[in-house]
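Listed next as structure tokens is one chain, alone, in the form predicted on its own.
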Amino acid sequence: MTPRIFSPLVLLLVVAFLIGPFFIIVAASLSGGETLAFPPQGFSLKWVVKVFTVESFRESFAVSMFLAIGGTAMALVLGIPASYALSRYKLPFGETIRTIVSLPIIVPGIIVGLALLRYIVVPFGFNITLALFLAHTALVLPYAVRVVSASLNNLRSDIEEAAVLLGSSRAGAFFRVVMPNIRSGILAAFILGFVTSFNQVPVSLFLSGPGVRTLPIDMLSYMEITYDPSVAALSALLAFMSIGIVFLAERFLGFSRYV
């Protein structure tokens, strides 16, 4: 086999390996059978319709949306000033601070979830919703800091200095000059954080409790007692939602420039 033929073949195999499971889930979600199976048994949209009728799915979806939007917003409130300080000033132990902020990405999610449960949630008696909110904020914070820092590094600092020399205060220059110029980076960080938080499993698995569960955890619990294709249908819908969000980010924001 010549290299010219071999290279496209390898590329095709890699693409099939990456997106093959997604097509299997979509096909299984359109099955007309009563159990999750592949190849699908006929064709039907009844399981897609059923997803919207399961009350636990609706409730856990609302919880996941609250955590994804609220946690990401809080991470940006904390991450934007931190990114500005790390990018504009030579802080003592700056690299150490960056490493500490990045720990939720580096450390496996199971360890993060267990540590939060054992050393923060239980000792301080946090309720489930607050514990999940704090955990998702901590998980998204590294993405906010990294993406916003990239935007700040691409923004020349002398533009801000010019605003100060022209009479603006430091705070005024930040909100009137810096923030508008890194707006795309902030939006990209929000989208990345939203997708990460919404699809989070290991940490949410440790911190979820009676009456308060995220959608991925509720799907796991649902599969313990029911093995119909509705879980595949919901998985396909969530995958399409994530793909749509990332596609829009790339189309309108140039998402790849910030990650």
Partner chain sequence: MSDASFLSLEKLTLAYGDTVAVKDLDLSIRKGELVAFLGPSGCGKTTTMRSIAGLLTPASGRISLDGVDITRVSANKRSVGLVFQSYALFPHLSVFENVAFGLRLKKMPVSDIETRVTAGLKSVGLSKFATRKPAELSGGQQQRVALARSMVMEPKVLLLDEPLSNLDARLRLEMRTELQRVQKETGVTMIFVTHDQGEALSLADRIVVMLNGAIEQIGTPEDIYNRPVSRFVADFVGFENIFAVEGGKLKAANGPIALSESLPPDTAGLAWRPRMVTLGSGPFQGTVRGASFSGSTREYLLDTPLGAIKAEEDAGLAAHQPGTELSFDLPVAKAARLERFG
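Positions refer to the first chain, counted from 1. Computed from a predicted structure; not experimentally measured.
There is another form of this protein, the form predicted in complex with its partner chain, and it is not shown here; the text below is about that form.
- Across the proposed site, 162, 170 and 181 without exception bring a heavy atom within 4.5 Å of its partner chain in the predicted bound form.
- Only one of 74, 177, 152, 134 comes within 4.5 Å of its partner chain in the predicted bound form through a heavy atom, and that residue is 177.
- Just one listed stretch, out of 94-102, 154-162, 135-143, 184-192, contacts its partner chain in the predicted bound form at the 4.5 Å heavy atom level, and that stretch is 154-162.
- At the 4.5 Å threshold, heavy atoms of residue 106 stay clear of its partner chain in the predicted bound form, well away from it.
- Contacts to its partner chain in the predicted bound form (heavy atom within 4.5 Å) from stretch 87-120: none.
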